[in-house]
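In the form predicted on its own, a lone chain appears below as structure tokens.
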Amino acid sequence: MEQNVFHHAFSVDKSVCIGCTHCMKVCPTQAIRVRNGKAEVMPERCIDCGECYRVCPVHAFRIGEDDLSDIIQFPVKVALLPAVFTGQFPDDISTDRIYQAIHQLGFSHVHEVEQSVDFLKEKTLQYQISDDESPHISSFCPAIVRLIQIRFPSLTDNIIRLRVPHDLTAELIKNDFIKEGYKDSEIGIFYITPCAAKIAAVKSPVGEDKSVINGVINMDSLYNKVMALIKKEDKTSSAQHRTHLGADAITWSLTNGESKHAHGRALAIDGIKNVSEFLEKIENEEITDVDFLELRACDESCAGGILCTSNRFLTAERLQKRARKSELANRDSDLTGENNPEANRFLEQKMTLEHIEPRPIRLDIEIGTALKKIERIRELMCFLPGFDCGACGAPDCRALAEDIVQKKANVSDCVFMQHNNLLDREHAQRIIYKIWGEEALNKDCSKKGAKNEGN
């Protein structure tokens, strides 16, 4: 079921990139190198977590998304909103008004992603009880699924093979329209995403051939359009029909949203660095008594997504307030739950992912050759200084050693090795130009932090 390559939502605008290494240093899979003074992404390593986008001082990373105008081709135009989208707006803007503005943008229907949460909550518990692989790891965050595939391949069998809310809800919505007489090709479902990883997950899903979702729209750009309409309209204008969520569904995408419903000892960990450190301990069996892991790439989970406009802590607070109101109203999600057995039966046929394949970074497809390269890396590390300065264009000395054995770099790329080998000035200069570009060491008072910054 797996595709041969990952779709990636990110690209580097090299006309903007200054080769500063910020992105290279934070990438959790060491997917970035600096070559000729510009960042280059290694697609086989990238997990679309967005850390590079988050730290880039010049906004050189671009996100590929579908255009809002793409909805025109479909008679049925569905906006699939995560609850976190409503949390972007100030408290005095109601969910009804947000829905109305989205309708004004051209969508015929608006549904919230988490309408399948009541169903998924029950099925996750059943999965934990029936499956012996522990700890069970949530499949909710696509960046984490890809992180495990690449960096922690031995843990891929621990990922719960249940589809995530945006897929399940989309399946249910599409099925309802088909029952009304619409053709599949007439139904356009567009997911409003808080992060780049979910763009990649829709374009090349893990554990299934093709996503039921037709397009993905950047939450940040939609927020600006919706907010502009809300500011123009009369606050007392009538609301469009909208769906409702229960308290658990509203907070599902926040930290602890899943783990508080899990079986046994459950932990919620957010932030890609924290997740990586914890998974290392799990893989090394330093931690063995955990039953369920809710792992999210962003701080404060989806509230901290790179495409969110509002402060993540304020977003989380707003969603908690909304959840309390829903709890007082004794609401359940409109589409699933104990009050909708027909929908639950339909989703039971759609809920399972196929086997999730590990995708480790291999030095070579031949085991013997790979072992020889590992030994060569260890030899190189005897000579490389271990400063992990990044001046070679790789994130650390180990990464440079790997690039050398893969014939993607040279020992002389290390400035300290240049010193040890007493290279002549011209040779050293050629190496510097190869990595950092010919203008890297020129005086530039317009660069960040200099006296004429921005001029």
Partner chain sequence: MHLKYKIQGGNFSKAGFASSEVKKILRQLSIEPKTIKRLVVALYEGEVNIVAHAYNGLITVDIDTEKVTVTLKDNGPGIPDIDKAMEQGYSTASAAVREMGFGAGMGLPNMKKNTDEMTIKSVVNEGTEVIFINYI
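Numbering follows the first chain given and starts at 1. What you see is a predicted model; the values in this text were computed from it and never measured.
One more form of this protein, predicted in complex with the partner chain, exists but is not displayed; see below.
Taking 269, 155, 76, 230 one by one, only a single residue has any non-hydrogen atom within 4.5 Å of the partner chain in the model of the complex, and it is 155. When you look in the model of the complex, the only residue of 180, 280, 209, 131 with a non-hydrogen atom within 4.5 Å of the partner chain is 280. The closest heavy atom approach of residue 402 to the partner chain in the model of the complex falls within 4.5 Å.
Contact check for residue 348: every heavy atom lies farther than 4.5 Å from the partner chain in the model of the complex.
Not displayed here, the partner chain is kept clear of residue 327 by more than 4.5 Å at the level of heavy atoms in the model of the complex. Although the partner is absent here, residue 91 lies well away from the partner chain in the model of the complex, with no heavy atom inside 4.5 Å. Residue heavy atoms within 4.5 Å of the partner chain in the model of the complex occur in exactly one stretch of 97 to 105, 245 to 253, 147 to 155, 81 to 89, and that stretch is 147 to 155.
Every residue of the trio 361, 367 and 370 has some heavy atom no more than 4.5 Å from the partner chain in the model of the complex. In sequence order, 284, 285, 286 are the residues of 284 to 307 having a heavy atom within 4.5 Å of the partner chain in the model of the complex; the partner itself is omitted from this view.
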